[in-house]
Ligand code: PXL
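Take a look at this single chain in structure tokens; it is the form predicted on its own.
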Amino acid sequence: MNGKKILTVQDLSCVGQCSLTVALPVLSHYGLEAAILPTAVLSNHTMFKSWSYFDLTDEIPNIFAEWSKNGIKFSGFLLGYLGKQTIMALCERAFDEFSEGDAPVVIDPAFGDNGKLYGGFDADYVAAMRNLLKRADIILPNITEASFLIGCEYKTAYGREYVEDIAHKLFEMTGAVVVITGVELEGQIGELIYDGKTCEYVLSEKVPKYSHGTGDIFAAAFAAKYFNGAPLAEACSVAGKLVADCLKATADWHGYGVQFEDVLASSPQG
């Protein structure tokens, strides 16, 4: 362990490889102490045919009260699927009250994919997320989320000009370093990094599989490398390779998510 305590704010699915059940082992693998703020407890993730959902919003102020009494602080924050606008104000409170110095904030908006919003989200949620992203140091939207955030047309076929224009507008809107994920160009997949000055692509092999939870794995691995001091391109490369390796190691259909455990166990740490 390197002494850094990272708070990740996401839902907790009791069964299924996504959100906190992914973020915890990945952050720990890279030598970080992972602390959690669960937004809700689900019986299992939502790719199953049914699930239960217990909202933890009302408990969060009680958690904060105890953290204050115990003098708990965090070296960094990773936000994933939040689910409700009311959680966003609580996240901002966490930044203000529990940050160790100027602790960096990484936010994966996690509200849509393939040109559509996830169930339960609407324009009001997107607007609230747009405001929350102004508190981030780095944001990790996919193409769908980026297009909703800036209000542009979502395209399935695009070139570099389209992606870079989105990145520029997101930076102007939020002031955060923009890492657009799931960028597909020239038969490869990866990320575009824009820091307000230059655009940098990190592209690699596209594995022809889809699975629930891969975005959560990417965000956790990227954040871990970033919190450990890696350059952004290296953080993208490591996270992207981990996702690709996990997809390769997973059966063609595995409803729980990607089978990341063996891959993580054999991958470099730190």
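The structure presented is a predicted model; accordingly, all values stated were derived computationally and were not measured. From 1 onward, residues are counted along the sequence shown.
FYI, the form predicted together with the named molecule isn't displayed, but the following is about it.
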Discussion item. How about residue 118 - does it come within 4.5 Å of the named molecule in the model of the complex, if we only consider non-hydrogen atoms?
Written reply: yes
Discussion item. Quick check on residue 60: any heavy atom within 4.5 Å of the named molecule in the model of the complex?
Written reply: no
Item to complete: Report yes if any heavy atom of residue 230 sits within 4.5 Å of a heavy atom of the named molecule in the model of the complex; otherwise report no.
Response: no
Fill in: the named molecule contact at residue 38 in the model of the complex, heavy atom, 4.5 Å
no
Worksheet item: Here the chain is shown alone; which of 42, 244, 238, 202 has a heavy atom within 4.5 Å of the named molecule in the model of the complex?
Response: 42
Worksheet item: Going by heavy atoms within 4.5 Å, which of 28 to 36, 210 to 218, 64 to 72, 230 to 238 lines up against the named molecule in the model of the complex?
Response: 210 to 218
Worksheet item: Does anything in 15 to 37 come within 4.5 Å of the named molecule in the model of the complex by heavy atoms, and if so which residues, in order?
Response: 18, 19
